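A single chain, nothing else alongside it, follows as structure tokens in the form predicted alone.
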Amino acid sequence: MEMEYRSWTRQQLAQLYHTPLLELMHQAAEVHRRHHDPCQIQVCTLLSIKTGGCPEDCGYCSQSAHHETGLQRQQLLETGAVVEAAQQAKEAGSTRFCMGAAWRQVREGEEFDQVLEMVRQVSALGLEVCCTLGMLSQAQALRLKEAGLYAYNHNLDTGPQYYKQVVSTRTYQDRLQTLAHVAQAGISVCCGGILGLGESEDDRIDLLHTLASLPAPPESVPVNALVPIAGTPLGQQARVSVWEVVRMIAAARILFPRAMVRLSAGRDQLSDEAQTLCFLAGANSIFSGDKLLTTPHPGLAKDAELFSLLGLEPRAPYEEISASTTSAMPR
């Protein structure tokens, strides 16, 4: 049975989320195979183009100027160095190249102009280009689109009720406003959350409900597991279990049949068997490389070994992704 996008009530979504796990995985796997090749994985590379010194106080982040984590700050990289890194990522099998800058919001000026040039040159390599630069105005989103930006990442992190326990320097509405600017500019929306912030299952359901209530569905949904970092307010949090990650991935896959559901931060702590469960539940995108911004991540060789074992291959860039207008209802 198909259900119109945005017609999920919170009660229906809660029922979906609490479906017995094996049944939830089965439903998600069926949805996944109706909309995607289960043997293809989107391989992405994320590069920190400006590291540390962020004025936001996100409780999980090593790059916040509010926390003493020992992170070495790095100014905006030179364009040539970024393009070289993108070329290396392409040669290593990545088809999407993401650039992250530790900014609260994009400011007009020389640095933004430099980022626009990075987008132009990386796009010219034939890679899907993604940025995560903080909050954007409508005009800035349009300039990024004109430069060749394919996707913009701006995570909601958690549900609206719990968000203020994690971040105080911006509001949930600030995040939603940037997502609206991105979508209105015709840029693909990449938006997900983080598990393990101390949130409840109700908060996770609220996050999914918020994502499902956006004017258009996100093209990419990253599912992150908190990597606790010493010196941050959440540095002592216990890591979430793989079952929590699998449940979130499966629910996201059913909610967003055509989206790329990305197994993101925290993957370095997952065994090959755990990652396989995530792929079965509908994850079809990963970040590759030794680091994810500032946190540890499985290396290229380990990923290649797992892909070979499971018979997976990288998905080509710019494959047609239709806007999801329907979502599969649980039976």
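What you see is a predicted model, and the numbers here were worked out from it, not measured in a lab. In this text, residue numbers run from 1 along the sequence as written.
Keep in mind that the form predicted together with a small molecule is missing from the display, and what follows is about it.
Checked against the small molecule in the predicted bound form, the residues Leu116, Val106, Ile205, Ala101 give one hit for a heavy atom within 4.5 Å, which is Ala101. Put simply, of Leu144, Met260, Val227, Leu136 only one has a heavy atom within 4.5 Å of the small molecule in the predicted bound form, and it is Val227. Between 77-85, 108-116, 150-158, 179-187, the stretch whose residues reach within 4.5 angstroms of the small molecule in the predicted bound form through a non-hydrogen atom is 150-158.
Contact annotation for Val246: none of its heavy atoms lies within 4.5 Å of the small molecule in the predicted bound form.
Although the partner is absent here, Lys90 lies well away from the small molecule in the predicted bound form, with no heavy atom inside 4.5 Å. In the predicted bound form, the small molecule lies farther than 4.5 Å from every heavy atom of Ala252.
Among heavy atoms of Gln140, none comes within 4.5 Å of the small molecule in the predicted bound form.
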